[in-house]
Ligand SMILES: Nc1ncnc2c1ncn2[C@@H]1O[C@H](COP(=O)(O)OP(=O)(O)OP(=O)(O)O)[C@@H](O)[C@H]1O
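In the form predicted alone, a lone chain appears below as structure tokens.
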């Protein structure tokens, strides 16, 4: 579904991505792990159309998207859950969710949008309970749920997520990754950027390790979890295999 070839991108004179290539097949969840500053967020911003690449190719369903605007990429079926959530704090939970469907909004789509809204409320019951509450008054974990729900309102076929566990309480992190598993089991394709490598590998089919803007390692989740270098750098001494 997503194929990235020899991608280079950065900010001004700073070159962050250096010939990066990866792919995500339809229906699979792929984790991208790496240290701060490795280029993970830059990659997702480039895929989402927020940042224009310097060179390289990004294919979504075999269609090049590297020069398309962000709103067009959303219409093509790719939605981003950004790092830091970026909810509209002065709008209600429901208003934030409805804004997520802006690319599909029309009178004839109103029934479908209501159905997606109900699906989001089914995933995140707390959002239903607090549908009239201002988003800025939610906890960090609730705002993260709202950011995921807002992205789902566009009915994406590819969901790209940037650090969904960042700044979220441990118990809520577990709920969020359970939701990611549910979405994956429903057939949604997912590219997950996450510093919590344990949680990311537990939910993903495959993974990539990125360092200084380049992919340095790839494999199944099991292969990466069993790799001593990955364990040392990202999983910690107390890590146990993902099936234990």
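Numbering follows the first chain given and starts at 1. In this text, all values refer to a predicted model and were calculated from it rather than measured experimentally.
We do not show the form predicted in complex with the ligand, though everything after this point is about it.
Asker: Among 183-191, 55-63, 36-44, 201-209, which stretch sits within 4.5 Å of the ligand in the model of the complex, heavy atoms only?
Answerer: So the stretch in question is 36-44.
Asker: Against the ligand in the model of the complex, would residue 195 count as a contact residue? Criterion: heavy atoms within 4.5 Å.
Answerer: Flag for residue 195 set to yes.
Asker: According to a 4.5 angstroms non-hydrogen atom cut-off, is residue 20 in contact with the ligand in the model of the complex?
Answerer: Flag for residue 20 set to no.
Asker: Is there any non-hydrogen atom of residue 224 lying within 4.5 Å of the ligand in the model of the complex?
Answerer: No, no contact at 4.5 Å.
Asker: Any of the heavy atoms of residue 16 lying within 4.5 Å of the ligand in the model of the complex?
Answerer: Contact check for residue 16: yes, within 4.5 Å of the ligand in the model of the complex.
Asker: Scan 160-185 and note down the residues that get a heavy atom within 4.5 Å of the ligand in the model of the complex; none is a fine answer too.
Answerer: If the 4.5 Å heavy-atom criterion is applied to the ligand in the model of the complex, 160-185 yields only 163.
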